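Coming up are structure 1 and structure 2: the same protein chain in two forms, each one given alone as structure tokens.
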Structure 1
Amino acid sequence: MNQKNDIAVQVSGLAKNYGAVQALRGVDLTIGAGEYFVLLGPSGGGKTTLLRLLGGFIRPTAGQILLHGRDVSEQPPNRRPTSMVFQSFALFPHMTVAQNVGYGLRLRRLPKAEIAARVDAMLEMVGLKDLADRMPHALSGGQQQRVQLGRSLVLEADILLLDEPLAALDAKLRKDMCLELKHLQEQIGITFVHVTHNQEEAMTVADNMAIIADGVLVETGTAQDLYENPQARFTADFIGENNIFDGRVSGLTGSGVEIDLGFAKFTVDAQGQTPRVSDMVSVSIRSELVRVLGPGEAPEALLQTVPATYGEAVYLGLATSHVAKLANGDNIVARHVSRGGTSDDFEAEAPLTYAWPRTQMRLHLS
């Protein structure tokens, strides 16, 4: 089994064009062996294109793909140490569960006894041992997904590629399957590369993840890093619920950056970045860190404040979002834990102050 400090996937300058359309542009990415790595981003952003390039189902326009140090850029799927789990279950309707799982082994013309033993062990691993003789039409969505997983894993490839594997499942089953996938990957120890546009799904399973949009790799990191310390404006806008303010750098003071938003001025820590005066930049703050100060309530020290006109409360179960309008017409949201039958008593159109810790603001140069 590969160790986590080894490199399973390394791509450099990877690009894919379809005529004039650039589906993927100059991607550089490294994935460690034994990692559960997630490619996250909006639909049409290039995630599946990258996954199919790794699997050899399409050829790159430019760039290089190394799998465990071997250049496979021009190799077909059967010459790569990968196996693919597709978005659709794609099971053979005339075959039993066991026959579906063993299909790839039969193509390799392995001895019948070896096929039977490996299929039996895989059915045990994915929780389908009692359903070996059942036909696909008699299975639930989650069971069908386990069959497809078993069919891919039984081939014993070093890298499993998963293309939106939970998209066809309902929300509750998707959550359950997320945990099952993570536990299965930890048990087997091979590299999983999982494509999804669902951030909750991604954050549940990922050791590390990459944000991909418009054919570009925007940012990589752990789920916690990307949620709490996004470097790119796009990441802040895509993950979690962030309030984002766009403005111009009006001054630099030591490690601080003065930003003129037009309706207010913020001073934000540069966070190791080097903006210049007059640069257009953005600042984000997560909505759960924002408080609504009641009428006459004085802000605490070290809080950034902005005046706003209260709009409405949106009840979301665990949390309630309090939406207000800023002087420039943009919305600001404060997300508070719901109070079990009671709510904050803010009147529509009331002038209020929204406040948050200055140290929690994030500066984005792009």
Structure 2
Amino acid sequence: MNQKNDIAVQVSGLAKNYGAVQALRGVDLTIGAGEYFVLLGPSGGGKTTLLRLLGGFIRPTAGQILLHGRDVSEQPPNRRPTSMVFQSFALFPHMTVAQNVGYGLRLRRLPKAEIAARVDAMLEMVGLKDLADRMPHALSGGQQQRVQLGRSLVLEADILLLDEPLAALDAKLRKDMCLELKHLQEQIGITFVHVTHNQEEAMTVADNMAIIADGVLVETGTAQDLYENPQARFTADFIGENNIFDGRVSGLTGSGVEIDLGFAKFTVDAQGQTPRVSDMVSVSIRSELVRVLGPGEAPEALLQTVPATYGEAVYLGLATSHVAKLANGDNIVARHVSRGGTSDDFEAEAPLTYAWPRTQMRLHLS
């Protein structure tokens, strides 16, 4: 195997149909070796299908999968440089923890002593040293997932696939294990491909991530890219809390794009994109960048403003969301850090102005 090849996963034109249902369509994706890569998207969007295609549990309808430069599209799971951790606790119930972890090594006919040594080292690594002789049903959910992790990692496969590995754990445990996974990956240095529908989980662990929805790869990038500069409208809608306005391009002035929303007109920087007049486009602004100007408060220059009718404040602990209605009936949300005790009260139905820096607005052509 070529360890110097910097690309761990290269997928081109990958598609999977189940009868008439297209679970995945024309996916092109490259994952660098040693990356922690996350496939993020809503349930049923095709991210697990993609992962299972990488693992070889299903065969692609079309397209090609190269793992470390080798075409494995037709190879069964046991012939791929991958190993998988499953969402449900897929341990072998008739084997002890140590036997579970050593299963793959026994298949490789390693000497008994070496198997024992490697299993011990692995159990130490995932923090289960004392539970080696337990049966899986006597373990907690978190422990079971550690065993799964150990069972996969002990094989020293080049690519570890994780299918919603934390979904069945409770929230607190999930947070801890997330960080643990991240550190484990940094320590071992192999490629992790992790599927989740949980944004926070994704952001915690990912070096790079891909958004997958409706069987299509929407966008790839670092967590920060996708949060701060999403290219696709879907990404803006899915990640973080964004206010999104749909409208039609009504004019182009240099790099500025004028967009008619019906109740207002925005001018946005094209950000290198090339919209045409009368295209349907969207504009998004993150809710934490939106400010609420009281009646009579004058907007500064460089601010985009819209009039809105105040609705209600939703207290969320760290932040408070101020929800108001726009002239077209849509909601707009401004999220501010809660100021203890007296929250900034606005009267319901009060006519206010919502404002945000023009330069922070992003244009989405799709």
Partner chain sequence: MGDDYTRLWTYRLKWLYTLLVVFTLMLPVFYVIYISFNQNGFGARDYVFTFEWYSGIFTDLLLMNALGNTMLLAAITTVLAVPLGLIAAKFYKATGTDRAKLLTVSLLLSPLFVPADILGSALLVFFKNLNIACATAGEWLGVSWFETWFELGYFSALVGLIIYTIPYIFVVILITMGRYKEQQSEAARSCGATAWQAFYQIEFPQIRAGVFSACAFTVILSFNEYTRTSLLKGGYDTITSVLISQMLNEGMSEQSYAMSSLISFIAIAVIGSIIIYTLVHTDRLEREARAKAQPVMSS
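Everything numeric here is computed off the predicted structure, so don't read it as measured data. Each form is matched to the other, and the largest set of C-alpha atoms that superpose within 1.5 Å is called the rigid core. Counting starts at 1 with the first residue of structure 1 and goes up one by one along its sequence.
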Legend entry - Structure number of the form predicted together with its partner chain: 2
Inset, instruction - Spell out whether the Cα of residue 118 moves at least 2 Å between structure 1 and structure 2 when the two forms are superposed on their rigid core. - result: no
Legend entry - residue 107 C-alpha moves between structure 1 and structure 2 by 2 Å or more, core aligned: yes
Legend entry - Threshold 2 Å Cα movement between structure 1 and structure 2 for residue 179, core superposed: no
Inset, instruction - Once both forms sit on the same core, give the Cα displacement of residue 138 between structure 1 and structure 2 in angstrom. - result: 3.0
